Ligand SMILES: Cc1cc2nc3c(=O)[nH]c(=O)nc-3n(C[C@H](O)[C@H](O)[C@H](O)COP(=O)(O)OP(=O)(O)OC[C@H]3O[C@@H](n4cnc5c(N)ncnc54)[C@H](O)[C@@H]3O)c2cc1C
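Just the one chain here, laid out as structure tokens, in the form predicted alone.
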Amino acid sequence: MTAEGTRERDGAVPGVAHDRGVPPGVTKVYDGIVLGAGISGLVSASVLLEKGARTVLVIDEYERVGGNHLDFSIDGYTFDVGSLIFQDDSPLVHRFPELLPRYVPVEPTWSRLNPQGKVTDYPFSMKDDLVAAGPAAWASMAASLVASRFRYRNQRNARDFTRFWVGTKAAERTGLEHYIERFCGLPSEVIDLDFARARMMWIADNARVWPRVTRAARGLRKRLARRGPEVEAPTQRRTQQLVRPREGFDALYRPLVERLESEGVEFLLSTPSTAIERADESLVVRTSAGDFSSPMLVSTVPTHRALALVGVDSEPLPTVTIISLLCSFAGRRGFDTSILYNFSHDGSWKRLTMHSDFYGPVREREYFCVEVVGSGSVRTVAEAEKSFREHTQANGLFHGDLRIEGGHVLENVYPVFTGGSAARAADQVALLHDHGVTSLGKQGGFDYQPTARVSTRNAEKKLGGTVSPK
């Protein structure tokens, strides 16, 4: 249905003219258009409906909704690209409650491979990282921590941030600094301090051992001093961890898409946009499937690509490319957790997720996904496989029949802030705004969003919709 002949209703989106005719050459007019059908795009479409839009078009070059929530079915295995864990109290579920029955409840566990070749606690282990080092190393790490608190008190980058909180010696022994470089595909000294604070505050939280000890001691003293029978405090609700259905993300997002379609959203998938042009008070999005007009345009695609659509050349901002190895295995894997991080000094892989721990084995074989950050030395699936096989073999992991069932290279997975990139991102978002485009999301806002929880709330806030509870 076009906007022609529709009637205005209360709560309409500001600036949306519901009775506008179809401009010459335009296939169809909508109250709102969203570029990108990832989480930010789906939430944006929902918010536009909430604010009064009757018709919304979502355009994506992918053939499925969900953005980088990708899965691949190969010979009975279904692999995720990445490690995607959801929670039943997520704002995404609050906005789209039809998702909840589709999820599979799980109890994920985490561990890490440390530089000493031991699989141990994630992200730190008092026993393996400190006690096992011996008295001489304790003294060295303690002295290093004291020196680092003075040397790096004026922090400039992720390396300074890490060393300030744990000390240079501990950062080396635990492999923390190497993991940060592996996570971003860049040396830690070129990673911006703001990114470190946004993504790695868990380092500071875990480094504050003494405040936790003193709080526990004060709590014990209060309990011992309490008069009368002890009253049990109300317990806080435990969050349930979730993963997508065994069939894949299509089965998860299908009811969400059906609901949005019933409310006035149309999806144009497998269709890249080729240009954005202004026509009076509206913007026209040109695609191979036709030209579509709206006074409200939301973009969740990378900012440099959106700028190219409006005819502005810009330099791409630094983002991470992830190479995924889709693996099956029979034998002794060498660890018993569902997620394993690589904190060792060697090896290009950063994390692996055992999907078979959640969904069960296939033909008595386990299966999992390995994430490798594309860097100068590892750019292809073949290079990633070679590095992973050599490293795991050297560390006694996956002793048996390890097969690579497939691989995938995914660009623009998440932003990395280097010197000046935050300011450049803000300039690009502002320039898009000047062209009438609201740019938001992990890629469209150059906003590090580690979970669907963050993506949902940020899109709601940016568009002025009802913000879901935390």
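Nothing here was measured: the structure is a model prediction, and the numbers come from that model. Counting begins at 1, following the sequence as shown.
Beyond what is shown, the protein has a form predicted in complex with the ligand; the following relates to that form.
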Only one of 49-57, 428-436, 401-409, 31-39 sits within 4.5 Å of the ligand in the model of the complex by heavy atom distance, namely 31-39
With the partner omitted here, the residue among 300, 174, 162, 342 that in the model of the complex has a heavy atom within 4.5 Å of the ligand is 300
Heavy atom within 4.5 Å of the ligand in the model of the complex, from candidates 83, 321, 206, 109, belongs to 83
* Please run the contact check for residue 389 against the ligand in the model of the complex: heavy atoms, 4.5 angstroms, yes or no? => no
Since only the chain is shown here, I'm wondering whether residue 413 would be in contact with the ligand in the model of the complex (any heavy atom pair within 4.5 Å).
yes
query = residue 449 near the ligand in the model of the complex, any heavy atom under 4.5 Å?
reply = yes
Does residue 273 make contact with the ligand in the model of the complex, using a 4.5 Å heavy atom cut-off?
yes
Near the ligand in the model of the complex, with a heavy atom at 4.5 Å or closer, the residues from 67-84 are 67, 68, 69, 83, 84
